[in-house]
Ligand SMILES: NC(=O)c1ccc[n+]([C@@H]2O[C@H](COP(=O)([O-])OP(=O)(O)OC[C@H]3O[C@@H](n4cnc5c(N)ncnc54)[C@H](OP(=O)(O)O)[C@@H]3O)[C@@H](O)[C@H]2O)c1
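Okay, so here's just one chain, in structure tokens, the form predicted alone.
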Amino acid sequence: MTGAAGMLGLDVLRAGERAGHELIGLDLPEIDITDPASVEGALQRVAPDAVLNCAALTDVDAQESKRELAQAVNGDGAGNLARAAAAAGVPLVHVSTDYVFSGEAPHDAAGKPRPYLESDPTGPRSVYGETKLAGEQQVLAASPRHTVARTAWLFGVGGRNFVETMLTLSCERDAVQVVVDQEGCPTWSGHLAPALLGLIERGVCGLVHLAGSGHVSWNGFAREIFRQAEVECRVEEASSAEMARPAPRPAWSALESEREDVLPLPPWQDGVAGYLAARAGMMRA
């Protein structure tokens, strides 16, 4: 597994241990996915039965001014891994993102907004989204055994994330401003990690969506965090225009799978509960 030192990678290692798998986690400097020779050498040393790629550049705003680096890691780096895995005759699961979509909600037959499905057209509006889409395309072109798993609004105890930011701010102020005009699927890495391993175990190939079930605005997400954490902090409404960032955020990025062989993740609210329990356990330790 690549990206072993990241938030998702750490949870994948824990999930693999619980499931009785022998996972070998690699990160810099053991492997540099932007270097084909480094990738090929690592796969020859490890000789894995499958590869799970959790490595990526995820600082969305910074990538607006670093397109070449973003392409090298998120695009060509994913392709390097996918081609090396194909040459070694093993499947690869690659983690992607809701940012590959335009952020304009598709609609159901009744005219109501519905989540994006795997078959919906993409249309990224940021460097991050464009380079992640390039990575998807290279992975799927490398082998029919490979899998791209799109997820969204990821949070976990092993890295910076929205839940931790909200809890920190609640200790410093009486109120926070959070946008109401961006809707998506909060996904706890503690739920996503075993689901990714499940894709490998069951031989699921192609493009899949894996995100916390249901969807909510960032504002509603913050309210639920404070409710479950029993924190007294007001959540005030703000617009994306008021909270402008260098990279555009999708106004709509709810994800759902239309595939019968993809098991849905638990509700995103359950993910919040799981995160808070894991965080409390780490703080006690």
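Sequential numbering from 1, following the sequence displayed. Small disclaimer: the values here were computed from a predicted structure and weren't measured.
Keep in mind that the form predicted in complex with the named molecule is missing from the display, and what follows is about it.
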Just to confirm, residue 217 within 4.5 Å of the named molecule in the model of the complex by heavy atoms? no
With the partner left out of view, is residue 62 within 4.5 angstroms of the named molecule in the model of the complex by any non-hydrogen atom? no
Does at least one non-hydrogen atom of residue 183 fall within 4.5 angstroms of the named molecule in the model of the complex? no
Consider residue 33 of the chain shown here, and say whether it contacts the named molecule in the model of the complex, taking contact as heavy atoms within 4.5 Å. yes
Exactly one stretch in 236-244, 50-58, 256-264, 223-231 has heavy atoms within 4.5 Å of the named molecule in the model of the complex; which is it? 50-58
Would you check whether the named molecule, in the model of the complex, lies within 4.5 angstroms of a non-hydrogen atom from each of 136, 207 and 252? no
Could you check which residue among 193, 152, 157, 166 gets a heavy atom within 4.5 Å of the named molecule in the model of the complex? 152
Relative to the named molecule in the model of the complex, which residues of 238-260 have a heavy atom no more than 4.5 Å away? none
